[in-house]
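Given as structure tokens, the chain that follows is alone and in the form predicted on its own.
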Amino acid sequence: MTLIDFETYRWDAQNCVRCSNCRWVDFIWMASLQFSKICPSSARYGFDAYAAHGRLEIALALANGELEWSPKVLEEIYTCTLCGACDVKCLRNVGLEPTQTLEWMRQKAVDDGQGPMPEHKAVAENIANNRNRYGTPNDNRGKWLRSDARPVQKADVLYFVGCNSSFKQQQIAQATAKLLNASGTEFMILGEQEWCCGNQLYNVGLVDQAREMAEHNLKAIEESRAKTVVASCAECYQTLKVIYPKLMGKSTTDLGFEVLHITEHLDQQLQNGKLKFTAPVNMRVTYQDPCRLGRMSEPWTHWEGKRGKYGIFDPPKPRRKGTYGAYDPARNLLNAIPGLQVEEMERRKDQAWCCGASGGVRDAFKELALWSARERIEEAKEVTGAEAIISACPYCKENFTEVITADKERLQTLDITEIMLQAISPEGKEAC
């Protein structure tokens, strides 16, 4: 079913002035022409149909029955990473929310029997059959655990591990567990009762399947009686904090538990003296802001009302401009590691360039995903001279790793949990 009512956002589509600001970094942030663009699909393909303003034109035509579905229209819709950059630009400069319309188009494609892409359907089938995106038996979800990772049966903190860290990059889950232990945080896990968060299901328009994941996971969390849910995956984090409330018709504050990314939780532990970095890590690094930890992670506030004259919401609707994303906790942690030199790229925080992996793009349009990652790696090398690019999402790391391996780059990529593990003990480096 279509969750988003297009008529609420028809005003946005009709009143987009086609200024093209959605393609560019904010002018006050722009430091060079080379790294001045912010929309990967627009930068890669060039045509308006691959930028937010062009997609709003497509949405109007679809809603008005003036455009029929075709392979090209589906490509134009599904090559968007849903990174939220256009929302940041439009909400600040013009007052529009293009991401709502971008999501609606995908939901309409599914309702009309046209979407999602075949690759997305394969992932959805894995989730339906095995409750994880990789098609692995879900009772293997806890096999990442090692003897030095010590969850307990009951705790106030629940670690929501995520599919990628459970089945593919298990070192991220292992590092997270060790860091929770090192910070004195007792935590529990759901094991096989944890299902895929459903981030991709929602992003490709499969609302009903995403809601099934939400209902199961929310019930499991409620039964655990956790007060705080910690995620090391930015996609899981955004799903728990933003997409689940959106699917369930409630606000983030109504969930009954707090959602934190591991960087937010460990930053709190650092500030109160419970986490200490004692082993120097002599390395020059730069940090990649994951879209779903930064721009897309502001709390969701449920709104019901009408859109009136001049696009005025009645009652007023809270606007999510990316300002309150989780940008600083990761930087606080990295800057606290002895020996670590942290250099910023030109595009950072709410102006960050997407790695290219999200929104279903890596599955259906891998060439675009890798191109976007390659662009970011080039920026990291040229602007910062870093030895490693650090991120806080498994999918960023996975995408970067593939490019670095293929291009034989000397640059490393690490998850932030891995480099923090190196800093809490001399054994941490060997563990990574």
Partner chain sequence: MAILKEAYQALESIVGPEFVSDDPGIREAYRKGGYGKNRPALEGQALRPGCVILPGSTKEVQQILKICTQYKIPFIPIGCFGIATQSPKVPDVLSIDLKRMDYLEIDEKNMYAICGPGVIYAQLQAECLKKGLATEGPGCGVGATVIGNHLNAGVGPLEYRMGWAQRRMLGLEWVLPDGDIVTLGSTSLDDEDYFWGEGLGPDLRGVLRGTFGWQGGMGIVTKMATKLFPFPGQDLERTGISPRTGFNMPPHLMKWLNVFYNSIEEAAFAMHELSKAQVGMALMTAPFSWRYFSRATSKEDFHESWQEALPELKETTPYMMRIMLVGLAGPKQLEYEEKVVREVIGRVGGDVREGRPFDESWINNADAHRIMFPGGMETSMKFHFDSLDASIELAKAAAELKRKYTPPLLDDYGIPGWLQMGDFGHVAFCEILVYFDPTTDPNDCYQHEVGFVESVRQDLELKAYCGLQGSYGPEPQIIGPAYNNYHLKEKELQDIFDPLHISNPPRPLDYAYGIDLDIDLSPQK
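Residue numbers count along the first chain shown, from 1. Everything numeric in this text was worked out from a predicted model, so none of it was measured.
The form predicted together with its partner chain is left out here; the points below concern that form.
- Of the candidate stretches 142-150, 260-268, 89-97, 274-282, only 89-97 has residues whose heavy atoms lie within 4.5 Å of its partner chain in the model of the complex.
- Although the partner is absent here, residue 312 sits close enough that one of its heavy atoms falls within 4.5 Å of its partner chain in the model of the complex.
- Remark: residue 113 does not count among the residues lining its partner chain in the model of the complex, judged by a heavy atom distance of 4.5 Å or less.
- Taking the partner from elsewhere, residue 301 is found to have every heavy atom lying beyond 4.5 Å of its partner chain in the model of the complex.
- In the model of the complex, its partner chain stays beyond 4.5 Å of every heavy atom belonging to residue 387.
- Only one of the listed residues (383, 368, 58, 404) places a non-hydrogen atom within 4.5 angstroms of its partner chain in the model of the complex, and that residue is 58.
- Residues of 50-76 lying near its partner chain in the model of the complex, listed in sequence order, are 50, 54, 57, 58, 60, 61, 66, 67, 70, 72, 73, 76, the criterion being any heavy atom within 4.5 Å.
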